[in-house]
Every structure is written in C-alpha cells, then in structure tokens.
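Taking the form predicted alone, here's one chain by itself in structure tokens.
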C-alpha cells in the first residue's frame, strides 16, 4: 500500500478512485487491488485514527458476508473475534407468537457471525496493507468532481490545505449516508426520519447465550441481543428519540433494570453494561445510483434501519458485485467507467437492493406501531412464520445473504 505524497501537486492516475475508507469502501479496495487494478482510496480520517464506523458496536455478518470476507483473505484476521449465530429467536413481549431460525435446520454451521465493528475495521486495514496496487490519500477530502472524455477527475484537499487532482476511469462514492460525493454528483436521495434512536452497548448476561441471537419487540422499543465472545452480548435497543435520551441519562443499575424489564429472563439477568453510544435512525435511499463515470454504494446508496441487521451486509454485496463487474470489464478490455459496465452493475444489484430496503423499512414501520390489536396481528405473523417451513426457509436464506444469484466472491471465487 502506497501513501500519496501530500506535498506533491501533479495529478495521480488510478483505475478506480474510492471515496470513503470505511467498512464498505475498504472491502471494495481489497477486492480490486487484489485483482491487480490500480486503486486509490480517499479518506477524511487520518490513518493513525480509527474512523467513527470502527467502534465497539456489534455487527451482524450474514453467512454470505462471511464467505465474501473469506474469499478476500480477510476472515483469518477476524475469525478469533467473531462469534457464530446458531439460532435467531424473534418474539414480542406479552404476546404468544415467536419465530426461531436454526442453523441446523438450514444445513449450515452458523446463520451468521457477530463481531465488533472495530475488529472488522482492523481486519480490513490489515488486508489493505498487503496490496501494492493501492494508493491511500488520508486525511483528504473531496472538493470537486468533474467527468471528462475518457475519465473522471476529482479535486482533493489534504490536511495541509493543498489541492491536488486524481484521475480515474471510475469514481466510487462509499462515503456514508451524508455522502459529499453524492451531492457533488447531483444525485438526489429520499430520506425518512424514523423518529427513533438506537442505543448500542455490550452487556453481560448471567446465563450463557449459547450462540442465540434475540430480537424482542415491546411497547418500549425493540431490543436485539447478539452473541459475542467471552459470554457477552451486543445490545442494540431502538426506541423513540426522547425515550432513548432519558435512558442514556440513567446510571448503570437503573439502565440495566429498565433493559431487564423489556427483554425478560431468557438470558437470566443482564448484570453488566459497558459504555453506551446513541445514534439516530433514518432511511436514506439514493434515487439514482450511477452518474457519468461514477457509482454510489453502501450507506451512500442505502442507509437502513438496523431492525433486520442488513445494512453492512447489503453494502458488502454492493462492493462484491462492483468488483466482479469491473474485473470482468478489465479482462475484456472495456472502459471501467463506461455506461455499459455501470448498467451491468445495476442489473446485478437492483433486485437485492430494492427488496432488502423495502423489507427492512416495512418491518421498522410495522413494529413501531403501538397498538394492542396490531401487536396481536404481529404475534400471529410470527407464529405463522414459525409453522410454515417453506416461508421460514426463504426468510432464512435471505437473511443469510444466500437468496438469488450468488456473486463470485460469495462462491469462493475471485471477482
């Protein structure tokens, strides 16, 4: 991995320029650099400082995502920090219905894995460091994007306020929900504020979680507990913003008491909680995902509610599909930023992006309705799902990232 010289002003030439070195952008960089493409990565965060996305929040990786990371050679850096999900238990407090998804029923060793975002970030950094074809520009921000004949040009400003130019055949915006590049490209995005915040933390139960992930709906928000190593669980508690603020103000004992009342006793008592972080929940969906010689992926294209734990998994599949299309285009001598190449990417991703976004948004809206009769209908839905093996299997396959056409990286093949 090469570092761009911050003092130099001559233009840098790469094949693909990725704006955003977070989890999705770094995954794409690993896939492309490993395929002998010249890749540039622009990140606003200095290399000696972890991005905000590389924190201690728990991250649920689908089985399909695990396979992609394994093919990229990254899973070996992550395996000791990842805990398998052997079962998922979905229920609503005070109601009779519940649905259980089991790995053994699907014939897989695990439905997915849980790790900390920080651990995945460290694995990606280790992967990036192995590639000589990669040029990292950090800390650097984009100040302009200009499509031109045969390529696209990005104006960048580094920490010393020096402006320089990078030329590429294709520019990839992977710079998050508040994407600067999406705005510079003039691509509109639809936004919906759910009026909820998520509280994330690590908690310690008094009973071994045995690899079971729980999603528990209640009138006081939705509690997800994800199995982590060393007997801990990753907590994601989503609830109305004002209620979340009040919970953050509680001391540890009072917070745990409120959490135990909502979650119940399936893991005994929750006896300890680590530092709590809070973030607002909104849906962001780019109306158009491509422009002239540019494409938006990951959270820049679709930021989802965490209710189904699909956000990063969907973004990783974006990266895997784009890598597959670009490597194939390079082999056939095509222009990486051509309209034909970008259409192939859209064709690969359109159905998955639309279905996952719609599914997640529908779940978030339906389970936020505070009504006794709606709660009863939800419980019937959970019970019906548990009693219909074909439906449960289809939902499990989608949650595992195994529905539909499988990308090369998810099949263990290079892009």
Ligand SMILES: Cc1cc2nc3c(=O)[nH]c(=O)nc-3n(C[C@H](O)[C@H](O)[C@H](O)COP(=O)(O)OP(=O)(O)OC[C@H]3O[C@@H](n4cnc5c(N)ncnc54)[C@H](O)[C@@H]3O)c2cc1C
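From a predicted model like this one, the values you see are computed outputs, not experimental measurements. Positions refer to the first chain, counted from 1.
The same protein also exists as the form predicted in complex with the named molecule; that form is not shown, yet it is the one meant from here on.
Although the partner is absent from this view, residue 259 stays clear of the named molecule in the model of the complex, with no non-hydrogen atom inside 4.5 angstroms. The closest heavy atom approach of residue 298 to the named molecule in the model of the complex falls within 4.5 Å. Proximity of residue 57 to the named molecule in the model of the complex: non-hydrogen atoms within 4.5 Å are present. Heavy atoms of residue 399 never reach within 4.5 Å of the named molecule in the model of the complex, leaving it off the interface.
In summary, among the residues 133, 180, 338, 219, the only one with a non-hydrogen atom within 4.5 Å of the named molecule in the model of the complex is 180.
The partner is absent here; in the model of the complex, the one residue of 312, 101, 263, 345 having a heavy atom within 4.5 Å of the named molecule is 312. Heavy atoms within 4.5 Å of the named molecule in the model of the complex map, among the stretches 66-74, 355-363, 385-393, 36-44, onto 36-44 alone. Looking at 171-189, the residues that come within 4.5 Å of the named molecule in the model of the complex, counting any heavy atom, are 174, 175, 176, 180.
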